[in-house]
Every structure is written in C-alpha cells, then in structure tokens.
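One chain comes next, on its own, written as structure tokens: the form predicted alone.
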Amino acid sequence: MNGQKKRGPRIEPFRHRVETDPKFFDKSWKKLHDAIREIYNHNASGLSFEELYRTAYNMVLHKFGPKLYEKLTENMKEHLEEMRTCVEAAQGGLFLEELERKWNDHNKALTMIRDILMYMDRTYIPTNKKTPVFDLGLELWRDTIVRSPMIHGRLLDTLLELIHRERTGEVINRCLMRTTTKMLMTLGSSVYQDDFERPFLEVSASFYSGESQQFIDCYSCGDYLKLAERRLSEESERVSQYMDVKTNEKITAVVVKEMLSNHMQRLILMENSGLVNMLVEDRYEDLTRMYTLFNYVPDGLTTIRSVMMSHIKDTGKSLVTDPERLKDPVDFVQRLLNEKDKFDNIINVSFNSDKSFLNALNSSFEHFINLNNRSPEFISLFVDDKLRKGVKEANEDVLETVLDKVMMLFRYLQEKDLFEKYYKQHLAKRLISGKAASDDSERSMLVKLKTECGYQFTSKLEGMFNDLKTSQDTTQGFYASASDLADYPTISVQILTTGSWPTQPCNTCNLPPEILAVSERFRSYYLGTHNGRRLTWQTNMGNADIKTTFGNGSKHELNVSTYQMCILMLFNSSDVLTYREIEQATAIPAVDLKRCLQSLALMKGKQVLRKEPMSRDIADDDSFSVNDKFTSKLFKVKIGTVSAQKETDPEKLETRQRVEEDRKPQIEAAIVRIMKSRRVLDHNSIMTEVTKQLQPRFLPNPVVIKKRIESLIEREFLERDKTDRKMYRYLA
C-alpha cells in the first residue's frame, strides 16, 4: 500500500448561471405589500398563505432579506400611523376602547405576518442579529402609538384617573384596564414600569399621604388601622385584577410607608385608643390587626414589643409596690397570676404566639416581681393557702393548673433560696397541724420544684414527709409496748429530724403534770429503741383537743395549741389567775403567751376565758378566769388556728440573715469548683462565672463574692498572683 490517503467524494458547486428577473423583488414585494394591507383591513380570508410564504421564502433565498426587512418595517409603520390617527381622535371613555381595538387588530396582523415571513425569521434575522418580526411589530407599536406625544401622557392620565375613581368608590371597567396594562406588560417590563408603574406608585404615595393626614386627626387608633387594613386589601385585590403581580409588593410598601410607618409612634402611643388602651381593655381584634399591619413596618413589632414591656413593667411595679396590695399576700399573688394569664392570652391570640413577645413578657415579669423583696414569701403563702384543707380548689385538676401557673412566677424569682426557706416553714406548719389538703398535691408540688431546681432543692422537704411516716410507726410501737397508759391522755408524737425541719431552738414550756408523765414515758421508749439520739420537745409547734365543761353546763371539745392547752389546764385548780401568775406557771415566752391569751379571751365567738379589765392589750396585772357563760352551736370549737401569716419585721430580718448565712458556703463552693477546673482566673471572670452558676438559686451580691474570695485566700484555698493582683491561683 502506498502512503497516500484515498480521497472521499467531493460536491462541486452548481456552476450554471441562473438568470433572475430584474423586477423579481418589486413584483414579490408588491404581492406581500398588498397581502399585508388586506390583513390590516380584515380581509385575510381570501389570501393564500402558502403562496405568500413561498414568495417571502424566494426573496430571502435570492439575497433580498435586508431589503425585505426594511420594506416590512416601513409598511408596518405606515399602518400603525393610520391606527394612531384613529386612537388620537377617540374622545373621553372611547379612548381606551379604541386603543384596545387597534391593539387587538395589530396583534392579529402581526401573527399572520410572522407566519408568512417565518423563513426570514429563522434564517436571515438570527444571522444578521435583527429583531424578530413579531417583536419588531411590538417595538413599532410602542414607539409609534404608545409613546407618541398625543397618546403617551393621555394614556397615563386616563389610567391613573380611573384608579383614583375606583379608590373613591366608583365602579370602573376593570376588563378594559386589564387589557391596557397587559398591553404595556407585553411591550416589555421597562415599558410597564416606566410608562405606568412608577407614576402609579408616585401618585398612590401622594394619595395615601393626604388620606392618612386627613384621617389620623379624627380617627381612633383602632378605626385608623381598620382603614389601613382595608386599603391594603383593596390595593392587593386591584393588582390581582389588572396589574403585574410584582406590583403588589411595591404598592403594599407605599401604603405601609404612608399610612403606617410615617405615623407609627403616634398610632401606637395614641391616647385613649393606642396600644396601651388595647392591652388594658383586652381588645384582641384590634391587637391582632395592629400586630399584622406593623409586621410590614421595619422595627414595627420591635416598637410594639417595647411599649408592651414598658406598660407591663409599670403596671407590675404599681401592683408590687402598692401598700394596700401587700396587706393580703394571697390576693397579691392572684393578681400577678391574673396579669400573667391576661398577657399570655393576648400573645397567643393576637400576637401569633410570637416567641419574642413571650420573652419580653417573661423579662418584664422578672423585672417587677423582684422589685418587691417579699415576693418569695408571698408566693409561698399563696401556695400554702391553696394546699390547705378547706380551700375552694377542691378539684385536684384545678389545683394542679394553679400550681403550674405559680411555678411560672417562681421561675421569675431571683431569690429562689428565700422561697425555699419560707416554703419549708409553711409546709412544716401544714404537715404538723394536719392541714395539708392532699398528700398527692403536696408531692406534686415537690416534683415541680425538683424538676425546676434539682434534687438538692427538695431533699430536705422530702425528708419531712419521711419523718411523718416514721413518726406514725413509732407512736404505734409506743402504745403497743405499754399496756398501762389507758388512764393517761393520748398523745401523738411527730419526731422531726433537726436538719430537715425549720425548727428554731426554744425553751420547753412547763407541761401539765398529766401530759408530762406520758411525755417522759415516750422519751424513755424512744431513746431505748434509738441509740445516740436526743429528743427536744418543740412545745411551740403542737396542738391538743381538750374536753371542757363550763359553769353553765355546756360541754365542748376545744381544739387549741400546746401553749393554749397549758394555760387552760391551770384553771382546773384555780378560778382566777393574773398574767404574771400564768407566765410563771407555764414559762411560755411573753410574745407567744400574750397572743394565746388574746385568742382565748378576745376572739369573737370563742371567748373561753374572761379578762379583767376588758381591753385588747394585756398588762402584767390583768386577771383571767373561765367564761362560765361560754356557748357555741358547735361541739368541737377551734381556737387560735391561724393560717400562715406574713412575718413581722424582726422575723423577716432574722429570716433574711439566715438566708444570707446559708448563701456563704454555696458561694465559696462555687468559687472553689470554678478555680479547681480553671486553675488561674482573673477577678472579673470569677465574678461572672459565680453569678452564672448560682443564678438558678439566687443572684449573689458582688460584695459578698469578694468577701468569700478573701476568706478562701485566708484559709489558703486560693492565692493572689504575685505580679498581677487581679489574678487568682488555685492551691491544691
């Protein structure tokens, strides 16, 4: 084989010269020219489109494409100028109708012309980067008719006038408006925007600016917002009927700016009808409308949230600092719960459960609840009231709901350890006096507290329940072990573990001989069965049932405290006793003794003793005797059973001091934990870390933290850096 490649077949160009008729273009164009005239005159039915297509095909094939394109442009322009004259001559309402008619005619003609010149559209036009036939027709319509000096301004004015009339309540031909604006959109987005949309938005801004100024002076906030809502709805519906869908966002922004943004502060703060008034009067519908509308406004919801927070803080502050409200702790907390329910409902119903509003609500409540340093005590008193026997919330489901709501308030407390102190005292009184409404409810509350604050918070409270169960078993064992106690008074002993119960050291009063004998028997039994323990009688916490026969023959069973029992038993051997004699005989502390005597002698309907002289205050030489004329419809009479009361100022100060002392080891433990893990830390970082760790229980005072650091340095747990005094090092 040789190295040459075999050549493939080769197609030679046709070399025979074809003669063309010199008048070929003129004849062919005349045929197309006449056809186009017939098309515009609505006489296209007699035309042969196949023949016309072939004619145009041959013209392009014979290199007459440029000339054909040029002639077509001139011809269409002539027809459009004729149309323009007709449109310009149309008067009044016929103007848009004539424009619509000519536009439809031009569109139909363009479609047919495009089909005839399809070959040119596919070959000549792309190659030479010319405008396609149909698009050329649209551009010519735009330049010749839409933007002609006599039509351009008139068209815009007519459209804007019709829109204005519709805004003022008139009915317009929306179908004609839709056709006209659709024509502008077909001519290109720039035509629609420049020739209609931009002026439309400017005129709308002016319209709504004037309307807002007119109505804001005479409308209430609620009515004005209804108007704004209606206007937004109308504009949205108008766009959907005869404008480009993209215009909706723009016209909405115009209405929002002119009717809402520019008047936001005035509307929200409007006196007697603004946001605060809506909140006070629970106007859910108006609040929903305000939230929805100002959601469109930049910083609108932020402003509403800020005003709402200020209102809640002001309302809450007046509530927690009002001296009248502080007289009734239960009513105080109930009002807080009512306020919380009120704003929870508003946020859920009107503010779409917006988390930022819920956070604002929580922040506001936390702010004002902690303005009153007695809030922990009052919340504990409220729980105490609900968990006592005989309260209205007998239904456990209702009670559970109330406790859940109380836990919301509890979360706001910065001094949760102070609440724990009071709660322990109130729980102890309920358990010891047998006033707890339900063991299940009590334990449910403990579970809630444990979930919120951890096991350490409730461990001692749970120990109190365990002590009561153990005490029952011990009392039963005592009576089972001794058979000679039938002649003694029956006692029920509650043995309280010192660390778990909020007991205070107190001097045991002188018990009556009958009680003292059986008490000593119980002491011997208990110490005999429990090695290494010590019993101290808390006579200030007990109660007793005494069977009494009065001089008039009436018999009653009196339910009294242990102190009151000691007083009454003295009158078995004496008819008249002075205050000083009673004090010497019983050794009851003076404050408690006076309180007991007041409840026995001065409490209306329960005056089992007579006091001479009859006055509220008790002096050393006042005398007391049994009231022989005492009567009561009830056989069992409760005396001096007082529900948990607010602390007196000295008691409050004492509780506060105890809490402060309890906090010291917790602060030190937090400091040591932090330093043990970090080894070296600066002063400000320790402050921040300690506050963060202890915040769930209480908000530590920076001064106290500093003192605890000094104490730890003295005890060589920490040391200061030798070069930088603000740095601390952990000493292992």
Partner chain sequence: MAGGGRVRFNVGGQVFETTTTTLANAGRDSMLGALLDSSWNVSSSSSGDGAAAVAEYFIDRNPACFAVLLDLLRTGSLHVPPHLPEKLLHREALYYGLLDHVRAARWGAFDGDRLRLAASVPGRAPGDGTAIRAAPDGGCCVAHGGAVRVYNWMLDERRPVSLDHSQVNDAAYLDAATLLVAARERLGKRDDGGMAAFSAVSGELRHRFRVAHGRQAKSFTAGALAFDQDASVFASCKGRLNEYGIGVWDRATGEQADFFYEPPGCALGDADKLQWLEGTNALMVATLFPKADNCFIGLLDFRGKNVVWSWSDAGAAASHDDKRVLHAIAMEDERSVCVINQYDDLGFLDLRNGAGGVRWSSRSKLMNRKVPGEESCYPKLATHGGQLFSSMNDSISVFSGPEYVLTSTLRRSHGGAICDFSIGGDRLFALHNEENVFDVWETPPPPII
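As the structure is a computational prediction, the values presented were derived from the model and not from experiment. Residue numbers count along the first chain shown, from 1. Just so we're on the same page, rigid core means the largest C-alpha set that superposes within 1.5 Å between forms.
Keep in mind that the form predicted in complex with the partner chain is not shown, yet the notes after this line are about it.
**Prompt:** With the partner left out here, if you bring back the partner chain in the model of the complex, are 497, 509 and 596 all within 4.5 Å of it by some heavy atom?
**Reply:** Judged in the model of the complex, none of 497, 509 and 596 sits within 4.5 Å of the partner chain.
**Request:** Using the partner position in the model of the complex, report whether residue 39 sits within 4.5 Å of the partner chain, counting heavy atoms only.
**Result:** Taking the distances in the model of the complex, the answer for residue 39 is yes, it comes within 4.5 Å of the partner chain.
**Message:** Using a 4.5 angstroms cut-off on non-hydrogen atoms, would residue 272 count as touching the partner chain in the model of the complex?
**Reply:** Answer no; every heavy atom of residue 272 is more than 4.5 Å from the partner chain in the model of the complex.
**Message:** So, residue 123 and the partner chain: in the model of the complex, are they within 4.5 Å at any heavy atom pair?
**Reply:** Yes, residue 123 lies within 4.5 Å of the partner chain in the model of the complex.
**Prompt:** How about residue 54: is it within 4.5 Å of the partner chain in the model of the complex, going by heavy atoms?
**Reply:** Taking the distances in the model of the complex, the answer for residue 54 is yes, it comes within 4.5 Å of the partner chain.
**Message:** Considering non-hydrogen atoms and a 4.5 Å limit, which listed residue (127, 214, 657, 233) is close to the partner chain in the model of the complex?
**Reply:** If I apply the 4.5 Å criterion carefully, the residue I get is 127.
**Asked** Given that the partner chain is left out here, which of 118, 570, 546, 175 has a heavy atom within 4.5 Å of it in the model of the complex?
**Response** Partner contact (heavy atom, 4.5 Å) among the options: 118.
**Request:** Determine which one of 583-591, 109-117, 220-228, 292-300 lies within 4.5 Å of the partner chain in the model of the complex, judging by heavy atom distances; exactly one does.
**Result:** Going by heavy atoms within 4.5 Å, the stretch is 109-117.
**Request:** Output the sequence-ordered list of residues from 34-51 with at least one heavy atom within 4.5 Å of the partner chain in the model of the complex.
**Result:** 39, 45, 47, 49, 50, in sequence order.
**Asked** Is the C-alpha displacement of residue 43 equal to or greater than 2 Å between this form and the one not shown once the rigid core has been superposed?
**Response** After core superposition, the displacement of the residue 43 C-alpha between this form and the one not shown reaches the 2 Å mark, so yes.
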